[in-house]
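As a starting point, one isolated chain is supplied in structure tokens, in the form predicted alone.
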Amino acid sequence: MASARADASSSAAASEAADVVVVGGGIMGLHVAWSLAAARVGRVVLFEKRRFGAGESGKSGAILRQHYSHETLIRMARASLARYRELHERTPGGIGFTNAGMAFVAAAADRDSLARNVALQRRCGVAVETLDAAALRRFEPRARFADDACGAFEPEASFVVPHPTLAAVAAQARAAGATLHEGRGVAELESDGARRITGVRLTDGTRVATRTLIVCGGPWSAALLAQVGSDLPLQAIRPEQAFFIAPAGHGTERCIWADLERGLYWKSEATGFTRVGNLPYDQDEKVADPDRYDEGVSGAFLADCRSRLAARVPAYSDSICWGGVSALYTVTPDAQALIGPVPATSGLFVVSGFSGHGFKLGPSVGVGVAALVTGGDPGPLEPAFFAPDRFARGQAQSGAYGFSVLG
């Protein structure tokens, strides 16, 4: 493997030691810990300052779609979808895996982009069909579609429920041999004069020696990395989401929806509510301190969601709103994650910046990161695509649509 066992005796201050330390207990950190432990890299220890999923993951819509503009993302999403299905089947009580399917609706301006993405999906083995306006009306007769509307339907798309999924991944990581801690936060990253990682100091003062450190801290990642002089482009923002009771006689949504024309997505939740959120996030509030942010939503946002949703599905004009919640996204300039070695610091890796579409990629990210550490096969994860230094090299990624969350 790329790192040797940390020598606990090298520092009198060290009270613990690990071969690999993972920082952050969201969906990425848990998948990374699971894959590393399964790869038998030695002692894998994960530290989560609060509880699993307390940052971004616990509020996720956890949509598992394969509609992307890049082959590497489609293949990662496809492999992850299969693994989530398997995890649901092997977990007592399941993880809420629901094969709902997902429909994308676009106006004429996005017709070519939609067609290119559908063609790319098909080349990657994804089942997907295109829909013209007449087909959309047959597909969902309760909605309104203009004569120039177009769409695509992905029948394999699904979703899971975040909290049982996080618990199930944590259980698998522990079964594979990883040690996971909740309520133990990392306060400081430590390195030597040659900029080699030597360990971490926890908030309780404990020092943990390690030569391999993986920061999966979501909105806390930038501040942690800054301690060792790294200035990667990671920004935390605050997207809002609304919840409506499905209209009388409407029932649950027949699928997950992404409406490119109105910049909106919606889906039925396990609770029976309809979750509604914006596709664009460029106007969302930037968050300076992820430990202290407004978790509520504005009345203006709720009214705007109702208006745009009702313009597509009129029955929602009278539906009862149950308020909403603000979550956190950690975004990058090109809406793709930073995954890989942190420049100029030996033994330090970053896994962050998924820009609102990371939950679906978790299993593939875990396998890929374990391979980066051990020198193995990263599977569908392409290290160059996610390279943390790509912006410095002028190699940012681009997407087919004007909505970064769609990747």
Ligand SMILES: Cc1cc2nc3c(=O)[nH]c(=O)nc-3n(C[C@H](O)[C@H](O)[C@H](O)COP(=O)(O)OP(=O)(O)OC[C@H]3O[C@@H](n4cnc5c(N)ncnc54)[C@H](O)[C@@H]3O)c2cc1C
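For every residue, the number given is its place in the sequence shown, counted from 1. Just so we're clear, the structure is a prediction, and the values are computed from it rather than from any experiment.
Beyond the structure shown, there is the form predicted together with the named molecule, which is absent from this document and is the topic of what follows.
Proximity to the named molecule in the predicted bound form holds for none of R137, C255 and V313, with the criterion being a heavy atom within 4.5 Å. Screening 122 to 130, 170 to 178, 87 to 95, 214 to 222 for residues having heavy atoms within 4.5 Å of the named molecule in the predicted bound form returns a single hit, 214 to 222. Not displayed here, the named molecule is approached by S60 to within 4.5 Å at the level of heavy atoms in the predicted bound form. Proximity of W266 to the named molecule in the predicted bound form: non-hydrogen atoms within 4.5 Å are absent; the residue sits far from the partner. Taking the partner from the other structure, the named molecule in the predicted bound form has no heavy atom within 4.5 Å of any heavy atom of A157.
Though the partner is left out of this view, F349 does not reach within 4.5 Å of the named molecule in the predicted bound form, counting heavy atoms only.
Checked against the named molecule in the predicted bound form, the candidates A246, L328, L260, V228 yield a single residue with a heavy atom inside 4.5 Å, and that residue is L328. Residues R184, G185, V186 of 150 to 186 are found to place at least one heavy atom within 4.5 Å of the named molecule in the predicted bound form.
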